[in-house]
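What follows are structure tokens for two forms of the same protein chain, given separately as structure 1 and structure 2.
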Structure 1
Amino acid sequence: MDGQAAVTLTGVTKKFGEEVTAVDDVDLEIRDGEFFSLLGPSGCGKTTTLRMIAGLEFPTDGSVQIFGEEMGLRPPNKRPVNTVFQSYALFPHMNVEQNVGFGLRMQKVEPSEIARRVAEAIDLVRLSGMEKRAPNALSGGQQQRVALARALVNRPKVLLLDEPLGALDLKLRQTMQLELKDIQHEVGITFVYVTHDQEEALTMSDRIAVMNEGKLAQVGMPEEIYGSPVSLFVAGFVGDMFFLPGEVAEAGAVRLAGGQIVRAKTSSSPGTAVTLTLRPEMIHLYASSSELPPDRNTLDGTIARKIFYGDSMFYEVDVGVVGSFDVRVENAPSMRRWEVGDSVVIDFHPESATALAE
């Protein structure tokens, strides 16, 4: 990652008709060599953004640059990018080899060169031996690899992927996630990856742009997005999260609905209504606050329900008006067991709690 911009979006807006604004004034810089994800719920504008980079849609306003070059109204066949489509869009009347070689044939590359590069690409996605197969004689995962090879064989400066793993089952998806990451390392080009699956984005990306209603909600590394969400939308969309209503009591302290004062990261001024966000894995249960290290946040509660899950125990802890917490505790032999009705103390570190205003 040398920091050079592979794709630069400046004030990019896309309107469909008068009413629908799919992408709203997006500024984004994707660096060279990066695995960059556009993450968001369906209809958030992530696919439209990708299509504008590909040239399949043109911005209503703003500019798209690829390695410093203004794309304007340049059609997709004149852009140094290739796309892996969500439906793969493999040509059914061509075999694997012909599909992969299509882009090179259109660019009038020498036949011997085409043969060499096609073989190389098919080898890269580990489909050797399947060259003569028709696309519909392949499994979903294999079709996905053909689509990948068909795009990569052209050595694009940027590879665009539109939910490429969406049609695969969970197990295959996880294998392909790792494989995609490996391939990206091997070819060393910029990947722009559209997904609605936050886990996928977290595990694969160097950086993530979370989108909502056509706007960028947050851009950052997976750890930043997960650990320090800047808005309630990002907090709720990425990972599991507890939301506790309250208000800022003083700098770095929040008063919860039950009057308890806890310390948390906040940038809002005292008196502001905020929502305290808290990751479930940051919560621990103790019998009393005397067992705790100093400087921790505590809330008193009662065990309302317990469920045995084999590898873990699930407890629902009732904390009065503040709400109830679902806590999962791993079943290690040293772990304390609680019974319904037991009084417990919920503990969390001030650094793991963020108070966000609306």
Structure 2
Amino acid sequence: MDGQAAVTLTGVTKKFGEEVTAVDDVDLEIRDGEFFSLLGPSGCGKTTTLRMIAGLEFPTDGSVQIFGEEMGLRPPNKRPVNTVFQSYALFPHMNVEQNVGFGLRMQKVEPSEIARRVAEAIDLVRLSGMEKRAPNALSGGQQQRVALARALVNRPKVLLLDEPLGALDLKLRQTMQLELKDIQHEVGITFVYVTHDQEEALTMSDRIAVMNEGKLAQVGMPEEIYGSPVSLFVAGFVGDMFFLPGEVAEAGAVRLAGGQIVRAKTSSSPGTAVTLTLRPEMIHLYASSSELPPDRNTLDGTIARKIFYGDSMFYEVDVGVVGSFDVRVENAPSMRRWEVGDSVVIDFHPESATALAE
């Protein structure tokens, strides 16, 4: 990545009729060579945004530029992009080799050049030896790779992927996540990836744009999106999160519903109603606060439930009016075992908690 803008959206809005605003005044810059994900729930505008980059839809207002060139009403085949869809859209009467080379034949590329580039693309997606197979003789993951090769063989400057792993089972989807990232790194072009799956976005992306109701909720690296959400929507949508109501007591301190004061990251002023957000994996259990260093937050609780999962133990901890916490502890020979009714102390570091205003 050299920092050059591959795709630039400026004030992009897309309306369908008078009532529906699918994308609402979006400003976004996607850098050359990065794996960029548009993440959000169904109906948030992510696929419509992708389709406007592809030229399958046109903005009601605003500008789409690819490498500094205004796209305007330019159709998809006149843009330096290719799109991979969830359905794959392979031609059933063509074998793998013919499917991959279809676009090049339509462009009237020399047969020898087609053969060379098709072989390179098939090798890139690890399907060498399957050139003569029909799509219906391939697994879902193999069909997805053919669709990817067919898009890459045209050497687009930007590859657009619209939930391409959505039809695969969980294990294969996880495998393909890593393979897609490896392929993107190898070819070095910009990937713009649409998904509603948080794990996919966090696993593969250099940066993520979280969308909600047609707007950008937050743009940042996966670590930023996960560790420092800027809104309650982002905090709740990306990963598991505990939400504790309270108000800012003073700079860097929050008074919870039970009156306990805990330290947390916050930009809100004293007296502001906030929600303290805390990831489950940031919580630890101890028998007494005397076991902890003085810079930690602690809450007194009682074990209300426990479940053994083999590789870990689940505890539900009741913290009175503050609420309850679901804590999962990995099994280890030295791990302390708690029983229902035991008094415990919940511990979390101030830097792991963020207080967000509504």
Partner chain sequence: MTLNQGAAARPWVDRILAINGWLVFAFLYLPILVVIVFSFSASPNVGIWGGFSLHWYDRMFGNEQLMNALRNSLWVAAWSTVISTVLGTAAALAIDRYRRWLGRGVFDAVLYLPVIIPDVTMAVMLLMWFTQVNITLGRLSIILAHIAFNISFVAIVVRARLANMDPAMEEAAADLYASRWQAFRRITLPLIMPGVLGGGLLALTLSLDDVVITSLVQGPGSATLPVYVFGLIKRSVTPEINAVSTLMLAASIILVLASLAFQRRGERSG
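In this text, rigid core is short for the largest set of C-alphas that superpose within 1.5 Å between two forms. Residues are numbered by position in structure 1's sequence, first residue being 1. Please read all numbers here as calculations on a predicted model, not as lab measurements.
Here, the chain labelled structure 2 is taken from the form predicted on its own.
A displacement of less than 2 angstroms separates the C-alpha positions of Val219 between the two structures, with the rigid core held in common. After superposing the rigid core, the C-alpha of Arg133 moves by 2 Å or more between the two structures.
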